[in-house]
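One chain is shown next in structure tokens, namely the form predicted on its own.
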Amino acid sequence: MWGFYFDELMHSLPFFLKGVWMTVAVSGLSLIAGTIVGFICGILRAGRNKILRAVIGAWVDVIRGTPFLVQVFIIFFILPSAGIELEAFPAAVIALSNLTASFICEIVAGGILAVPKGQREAATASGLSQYQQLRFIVLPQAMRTIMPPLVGQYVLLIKDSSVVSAIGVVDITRVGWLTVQRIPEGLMVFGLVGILYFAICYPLINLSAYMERRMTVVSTRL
């Protein structure tokens, strides 16, 4: 029986590969959008404007303090009642981008605030503008703190993308649920699902570990 199920699963492999492509597409677009928004919000969150810091802080707390599945449902099911109708794919990208941006915002803000104040004071004394301080002094030093957890967040993003299957996005998880209805051997089917997610995440896991070692060596030399 297991041999029959395995053969059936292998025949479904092209369907799983389409799910891999959908997972990569949703995660890739969300990664780009979330990184851009997260960096901008992180810089503002570490800035001097108290109002902006409070508003961004409230947004981060709400997003990080509520289940991601609820956020996906609000965007896909609730927004249409306000006249904003989205297909499953863009709704998934928006929800995942928003979640990713909130976490990256905190990572970036923490990295910037970790830069010693003396560096900014020296830059101010040298006549550099705030933009020049940020570009040439603060961010280059903050990136040593930001990069390892940032890459780790990308791994979490890919794993969190499995939630969007709940609104009909045919990613790896959705393919797994559809396949297990035809091949009632859940361990085999979702074992393959886990392997595919691991294959996507493993390069990023290695990159994160490498960057942690790299940044540790750089910090030691400094």
Partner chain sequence: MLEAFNFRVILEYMPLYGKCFLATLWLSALSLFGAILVGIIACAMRLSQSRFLSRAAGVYIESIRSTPLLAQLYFFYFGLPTLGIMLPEWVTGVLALTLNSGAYYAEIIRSGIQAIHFGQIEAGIASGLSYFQRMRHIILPQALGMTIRPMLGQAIVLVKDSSLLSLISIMELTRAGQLLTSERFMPTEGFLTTAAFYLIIYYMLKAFSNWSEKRLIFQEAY
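Positions refer to the first chain, counted from 1. Being a predicted model, the structure only gives us computed values, none of them experimental.
The discussion below concerns the form predicted in complex with the partner chain, not included here.
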With the partner left out of view, is residue 122 within 4.5 angstroms of the partner chain in the predicted complex by any non-hydrogen atom? no
Does any heavy atom of residue 162 come within 4.5 Å of a heavy atom of the partner chain in the predicted complex? yes
Is residue 193 close enough to touch the partner chain in the predicted complex, meaning at least one heavy atom pair within 4.5 Å? yes
Since only the chain is shown here, I'm wondering whether residue 17 would be in contact with the partner chain in the predicted complex (any heavy atom pair within 4.5 Å). no
Using heavy atoms and a 4.5 Å cut-off, decide whether 89, 143 and 148 all contact the partner chain in the predicted complex. no
Stretch in contact in the predicted complex with the partner chain, which is absent here, among 89-97, 129-137, 114-122, 69-77 (heavy atoms within 4.5 Å): 69-77
What are the residues of 188-206, in order along the chain, with a heavy atom within 4.5 Å of the partner chain in the predicted complex? 190, 191, 193, 194, 197, 198, 201, 202, 205
